[in-house]
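Just one chain follows, in the form predicted alone, and it is written as structure tokens.
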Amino acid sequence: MQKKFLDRYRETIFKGFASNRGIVNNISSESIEYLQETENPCMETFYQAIIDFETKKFVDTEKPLVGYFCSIVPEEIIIACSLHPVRLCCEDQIWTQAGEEVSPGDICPVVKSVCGKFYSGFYDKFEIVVVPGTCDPKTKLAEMLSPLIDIYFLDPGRDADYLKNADIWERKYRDFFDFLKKRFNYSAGRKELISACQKTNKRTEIFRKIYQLRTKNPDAINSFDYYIMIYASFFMDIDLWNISAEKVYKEASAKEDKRTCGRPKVLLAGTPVIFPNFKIIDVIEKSGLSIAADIQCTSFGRFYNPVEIDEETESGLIRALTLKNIAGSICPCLLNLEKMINLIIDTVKKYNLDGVIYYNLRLCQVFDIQTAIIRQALKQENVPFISIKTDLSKEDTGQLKTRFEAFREMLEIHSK
């Protein structure tokens, strides 16, 4: 439902907290640095898209921009309404520092980064932002952003049982669909939903090929390029992303037989990696390990499963979207830990991976709280496991490298 949070205090809050400071970051230089390390010339499209986005040159400005957080928000419904969806999740130390003007220092870095961007005017082109009720910080984020922009609050609950909640979820998604059509005066229905699902299913098809290529040989598309493609998908036009990603895949596939990976191959799970916060993958790679697969909500969790359309009615399509986005979610905010554990174990065995790195961005309690149970479950399956907790700063890089090097040595012994 749409809420006018803090409407009475909107003007006072905005004047009191809106920062006029010029925020200067080094996104362009960081993008160029990673681009220089790529062996896939077709990746340039994605790097340039990020530079354009971070300098407020949006890919598609003809359509109204709708911001959203979290994979449970149905991107297909936004696309069906002829709107341009932009995922706003952010992990940038500079924006996090700016966000501490309006949020406490000891809360989720993603929330602080988002607040920093909004209160500094970075997202002033957006028409509306969809905030899900997945975790407590995001729930409060709806109120924190409401003095700046209209908020649509989408709360499907936290029970991931499809049979028990399918009717509730369908109603929530239908209300969202009806709201967008009314708000933007757009007539959309079954045909538009089918078209949107076809676009995201095409993206899933391409992503699966890239994902499976990397499980065989991670060097075919290095980890930095992989996560750059994921981040670019937050805001790129989906058709352009599909075309560009297909080119990268074909280019990498053509060179696959010339590449070898002599390092232990690991699965990265836990908190999503979002550009420019590449510290964790940078240290992993420099420690002699290779990220061959991931189970994270912004990449695998968002792309790997298609919309399974059994019934091409409007109601059937909306139900299919809830099955993909909510029932299929790996978000730790939902009650689905057993599914997550089984998925990790199955992925390790399916792709013959050497071990699991469970990454937790400090102050994200929902990822942290399930670490001990995942550790014990993997121990029972004889799967090597290491958990890492860190923040956005670079101060602990040396300590992390030492831990990963020790983990690599353990994996080499374990594989003999």
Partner chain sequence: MNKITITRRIFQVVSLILLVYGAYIFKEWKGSYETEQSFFPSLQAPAGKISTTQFEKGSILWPSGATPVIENYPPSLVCRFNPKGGLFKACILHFFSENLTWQTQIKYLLPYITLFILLCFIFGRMWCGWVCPIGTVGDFLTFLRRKMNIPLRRFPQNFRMNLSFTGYGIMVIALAISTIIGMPNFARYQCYWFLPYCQICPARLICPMFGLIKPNWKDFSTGITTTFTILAWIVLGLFIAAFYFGRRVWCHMCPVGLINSWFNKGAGVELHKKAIKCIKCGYCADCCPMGLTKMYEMNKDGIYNQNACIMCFRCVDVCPREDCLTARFFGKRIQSKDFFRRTKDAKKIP
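Residue numbers count along the first chain shown, from 1. Keep in mind the model is a prediction, meaning the values are calculated, not measured.
Below: the form predicted in complex with the partner chain, not depicted.
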Is residue 315 one of the residues lying within 4.5 Å of the partner chain in the predicted complex, judged by heavy atom distances? yes
Given that the partner is absent here, does residue 184 sit within 4.5 Å of the partner chain in the predicted complex, heavy atoms only? no
Residue 227 within 4.5 Å of the partner chain in the predicted complex, heavy atoms: no
Is residue 178 a contact residue for the partner chain in the predicted complex, using a 4.5 Å heavy atom cut-off? no
Interface stretch in the predicted complex with the partner chain - options 126-134, 262-270, 99-107, 326-334, non-hydrogen atom within 4.5 Å: 326-334
Just give me the single entry in 286, 216, 171, 209 that has a non-hydrogen atom within 4.5 angstroms of the partner chain in the predicted complex. 209
Just to confirm, with a 4.5 Å cut-off on non-hydrogen atoms, which of 319, 138, 279, 117 contacts the partner chain in the predicted complex? 319
Residues 70, 358 and 363 all lining the partner chain in the predicted complex, heavy atom within 4.5 Å: no
With the partner chain taken in the predicted complex, which residues across 339-359 come within 4.5 angstroms through any non-hydrogen atom? 339, 342, 343, 345, 346, 350, 351
